[in-house]
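One chain comes next, on its own, written out as structure tokens in the form predicted alone.
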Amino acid sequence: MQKVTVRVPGSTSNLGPGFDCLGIALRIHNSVTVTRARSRQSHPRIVLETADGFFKQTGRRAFPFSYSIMEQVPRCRGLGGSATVRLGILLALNRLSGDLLHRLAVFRVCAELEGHPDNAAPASFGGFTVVGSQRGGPTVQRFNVSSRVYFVLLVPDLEIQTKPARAILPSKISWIEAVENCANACVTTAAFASQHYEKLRGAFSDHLHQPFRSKLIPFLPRVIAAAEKAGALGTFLSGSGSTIAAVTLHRPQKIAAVMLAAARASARTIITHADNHGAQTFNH
């Protein structure tokens, strides 16, 4: 086998209070194609780091390859774009090497390279994912998400890099706020796991990151308020932003329109559903 294509879903993560733990794969995808090459190729840093991570994990000798990406996931918008690239490269190299690693091991390599697992998990396994922490590495529980659920994405023409978006977060929050975040993350998890989506209403409130990242995205509070007034079950900053995601069972077009109007900024909207398949590998 000389050539492999991996179709990887983008994702929305954190879901408000589930910082670095909760994520959902979306039906927007990047397709990464990797081909064995005869000589060493020039690659961007993210590809080089990912390939090094794979070959170190497997202990196999590195081989040269070329790659290409068909992109549908907006870059630097909090939709897991970097995770799609890393996971696509990892799964393609794994297939070209004879599937040396199982899917959980590939996910763990991807999460380590990303520095956080909340996009790598849904991209790997699809659906709604909850990442836990154990001594052997992160664990994942996943649940299908019904096609009744719409995700309305407001995607501004504003790029947010993850590193500075993390740098503005405080080192401490109050005990009361921490307890409220835990409660809301638990409610969110229970609602998605049970598919009782109406219970999501009010559960996306967060104290860990959204109030501080609104300094980078000043229209965040009014977009959230407008979407929820229009009937969304809840609205939150997707990852570190700048995308704002609303969850609804009804009237997604209306919610998209009010979000765009409330932003009063250059932006576009995407209406989509969850991807319950996760990354898929195709041989050529």
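Computed from a predicted model, the values in this text were never measured in an experiment. Numbering starts at 1 and runs along the sequence shown.
There is also a form predicted in complex with a small molecule; it is not shown, and the following applies to it.
The chain is drawn here without the small molecule; in the model of the complex, the stretch among 41 to 49, 65 to 73, 253 to 261, 235 to 243 whose residues come within 4.5 Å of it by any heavy atom is 235 to 243. With the partner omitted from this view, the residue of 148, 103, 166, 199 that lies near the small molecule in the model of the complex is 166 [heavy atom within 4.5 Å]. In the model of the complex, no heavy atom of residue 189 sits within 4.5 Å of the small molecule. The small molecule is not shown here, but in the model of the complex it comes within 4.5 Å of a heavy atom of residue 162. Taking the partner from the other structure, the small molecule in the model of the complex has a heavy atom within 4.5 Å of a heavy atom of residue 116.
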